[in-house]
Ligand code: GLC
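As a starting point, one isolated chain is supplied in structure tokens, in the form predicted on its own.
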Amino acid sequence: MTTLKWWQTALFYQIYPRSFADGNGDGIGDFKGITEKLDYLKDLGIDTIWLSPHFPSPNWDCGYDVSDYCEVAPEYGTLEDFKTFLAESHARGIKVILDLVLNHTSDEHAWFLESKSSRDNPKADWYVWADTPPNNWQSCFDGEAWTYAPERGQYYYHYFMKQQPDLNWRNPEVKQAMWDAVRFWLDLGVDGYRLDALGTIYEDPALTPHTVPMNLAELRRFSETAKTPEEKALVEKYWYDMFKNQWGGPQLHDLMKELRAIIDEYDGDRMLVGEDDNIDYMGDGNDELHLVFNFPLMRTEKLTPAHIRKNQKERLARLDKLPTRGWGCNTLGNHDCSRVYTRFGDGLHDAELARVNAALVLTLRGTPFFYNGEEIGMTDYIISDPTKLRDTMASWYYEQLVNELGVAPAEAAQRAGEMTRDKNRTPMHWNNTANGGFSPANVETWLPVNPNYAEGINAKDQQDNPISMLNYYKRLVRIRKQTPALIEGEYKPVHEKADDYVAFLRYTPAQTVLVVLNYAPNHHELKFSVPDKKTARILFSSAGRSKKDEHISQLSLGAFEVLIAELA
């Protein structure tokens, strides 16, 4: 294998700490619980944990409203608990990257409390202030983007909810304070950062208003009721037009270069991955971010072979054009969107499609990211009782539907339950006991546990079941790790007109591997022609093939089969 950085060969696994493992029995996940599950992750084949925010927070946005960048939220434990988790992870060969929220703080952060206290406070200019709302900008979470602070008689700007005021990154003191926080965790030994909401750090300095003829609640409602292709196209246009002046400022490149320079001061190849799909934020391939997510892959209602091929053609070509060749980063899910099992299912073959999609992420060129629970087939859980919602964006939308838009409470509850991120953040299922083994039976968990843990969707029941989703993941991960071409190899599509399946080669000078992913219930008799290759040694087949070698001009493909074969 050629010399790749660890973050190019690693399998990343996102942990949402509130919902992963409850170690002290209070209904909330914590570091004690995560540490106790590290052997599970090691056995799964995880190389790196991406940890969603663990900082102190009033939790208006589930930790993405940070009130102290250099501490641990008390519900998750102490700083010593974090250090134990980090040391135990490293002892197992598992690296850890943290979620870094750069755009904003909590309105309870000491910096904001000082900033809003008076116009002549030393931190008065640490946030974005105006005497009157200078435009009609919307918060992407809860309506107006400007909120009045009576303490100083001005309005502050927030791209997200009003409890998340935007930092003024044009102030060098803000930058220095944030870089100090970055170094704090790097000094403790963390291996890098995932940068939250990267594109929102700098907004249009001219404060240009948007031109959409509705507010956020009306646009959300229009998104739900749009039926025709024309209406759906208009929805997409309106979403873009409403927020296009609030993100993507050109100063971001200089800022990312500064952050990269800090990262590069440390040994061990610390890394940065941005919550963005804009390859421009990788700079020349060596001076800004190491990775950005391939979100266009998952930005579709249905994953089809045609969509996958188009995505790979465009994405890899763009990465290849960087002066220092860029590296891909593939995922189909995270804490902000429906779970893969639900989102890309068809209502009839959900289980089969979930397995095909797992193989897709693990066989494409680039670093794969998974979200906790995908490996056991966790699904969305619609919470129909608005009082049980913890995602304040959904609570706000429910109130807007009922009180402003005149929607019946029952329909509003259903709509809020469908749009909320709570549905894909419910507690992890560890076994088939009450609360899915996440918390003791008599404890109310912070979000309701999806009752389908009792239907075999839990880690313990799947552990000893050879055909379970969990063991399917383990086999796939093992094959990836044992097959150099799947990690470092080039990508070349084959059978590019196929409607039902996607097929491609991953190859190095020493190895050529054929990957075929069938997205349909149809069987196929396939013929492949690869120069100097005649036989296919089966490395992995979800159809349970017993035959190890087949001729590439006579390959049978079963319904929803995943086939990985080394060509010789």
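For every residue, the number given is its place in the sequence shown, counted from 1. Keep in mind that what you see is a predicted model, and the values were worked out from it rather than measured.
There is another form of this protein, the form predicted in complex with the ligand, and it is not shown here; the text below is about that form.
K.L.:
Answer with yes or no whether residue 421 is in contact with the ligand in the model of the complex, where contact means some heavy atom within 4.5 Å.
P.N.:
Within the cut-off, so yes.
K.L.:
Just checking whether residue 164 would be counted as a contact of the ligand in the model of the complex - the rule being heavy atoms within 4.5 angstroms.
P.N.:
So residue 164 counts as contacting the ligand.
K.L.:
Would residue 339 show up as a contact with the ligand in the model of the complex if we use heavy atoms at 4.5 Å?
P.N.:
Residue-level check for residue 339: no, no contact with the ligand.
K.L.:
Considering only heavy atoms, tell me if residue 64 and the ligand come within 4.5 Å of each other in the model of the complex.
P.N.:
Flag for residue 64 set to yes.
K.L.:
Of the residues 137, 156, 160, 193, which one places a heavy atom within 4.5 Å of the ligand in the model of the complex?
P.N.:
Result of the distance check: 160.
K.L.:
Considering non-hydrogen atoms and a 4.5 Å limit, which listed residue (95, 365, 123, 425) is close to the ligand in the model of the complex?
P.N.:
By the 4.5 Å criterion, the partner-contacting residue is 425.
K.L.:
215-223, 193-201, 243-251, 285-293: which one contacts the ligand in the model of the complex at 4.5 Å, heavy atom to heavy atom?
P.N.:
Careful reading of the contacts points to 193-201.
K.L.:
104, 275 and 335 - do all three of these have some heavy atom no more than 4.5 Å from the ligand in the model of the complex?
P.N.:
All three within 4.5 Å in the model of the complex.
K.L.:
Heavy atom within 4.5 Å of the ligand in the model of the complex: which residues of 68-87 meet that condition, in order?
P.N.:
Result: empty, none.
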